[in-house]
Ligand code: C5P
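Take a look at this single chain, the form predicted alone, given in structure tokens.
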């Protein structure tokens, strides 16, 4: 299990200050839509400058026609990030096209597929996908596994079933982690760090419980003590 901190603050200055306060830890940093659109490649370079041991997860959830996704994936690989994601809904052909395109890279980033966003509740998910979250997440995971992806983005509640249906080595990255039962905010399917450990989550993504804490460094220290007792 490796901690991934979500850099979701409202400015590059705030996000970099958070990263600076955590530079003593070899952890993952999640760069999402807002941060990347606003701050771009220089922001990723600034994070690496703070601590070269930081690993970067670029959370852009690619979803388009296969060749366009592969073009974007190749550009992402050139950024030097360590992991990025696509939407599983793009389908098997898109997955295979992305992975084929990246096959020539000696050190390619990990590629994960988004199954069901953790903001979905069961009713709203079924309106779109016409299956339960559990059923569709497992189906998406199998397709991702069969097409060479490294893992999926899912909620903690699907993690164990996904590994059972694919492989223990197939990675699960799980947003919506409230390590010690903090407020769920706009997430529907949230879980504690203890449950994430039990369900075999590889990457717990934690944002608000860290950056809204009066002492983010102390909160990370507390989280890491649970992860590595």
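Everything numeric in this text was worked out from a predicted model, so none of it was measured. Numbering follows the first chain given and starts at 1.
Another form, the form predicted together with this ligand, is not on view; read the next lines as being about it.
*Asks:* Can you tell me whether residue 206 touches this ligand? I mean in the predicted complex, with a 4.5 angstroms heavy atom cut-off.
*Replies:* Heavy-atom contact with this ligand at 4.5 Å: present for residue 206.
*Asks:* Taking heavy atoms and a 4.5 Å cut-off, does residue 6 contact this ligand in the predicted complex?
*Replies:* Although this ligand is absent here, residue 6 would touch it in the predicted complex, with heavy atoms inside 4.5 Å.
*Asks:* Test of understanding: in the predicted complex, would residue 48 fall inside 4.5 Å of this ligand by heavy atoms?
*Replies:* Answer no; every heavy atom of residue 48 is more than 4.5 Å from this ligand in the predicted complex.
*Asks:* Give a yes or no for residue 61: in the predicted complex, does one of its heavy atoms lie within 4.5 Å of a heavy atom belonging to this ligand?
*Replies:* Close contact exists here: in the predicted complex, residue 61 approaches this ligand to within 4.5 Å, heavy atoms only.
*Asks:* Pick from 143, 79, 117, 90: which has a non-hydrogen atom within 4.5 Å of this ligand in the predicted complex?
*Replies:* Selected option: 117.
*Asks:* Quick check for you: of 40 to 48, 173 to 181, 158 to 166, 66 to 74, which stretch puts a non-hydrogen atom within 4.5 Å of this ligand in the predicted complex?
*Replies:* Residues of 173 to 181 come within 4.5 Å of the partner.
*Asks:* Going by this ligand in the predicted complex, which residues of 150 to 172 come within 4.5 Å of it through any heavy atom?
*Replies:* Counting only heavy atoms within 4.5 Å of this ligand in the predicted complex, the single contacting residue of 150 to 172 is 153.
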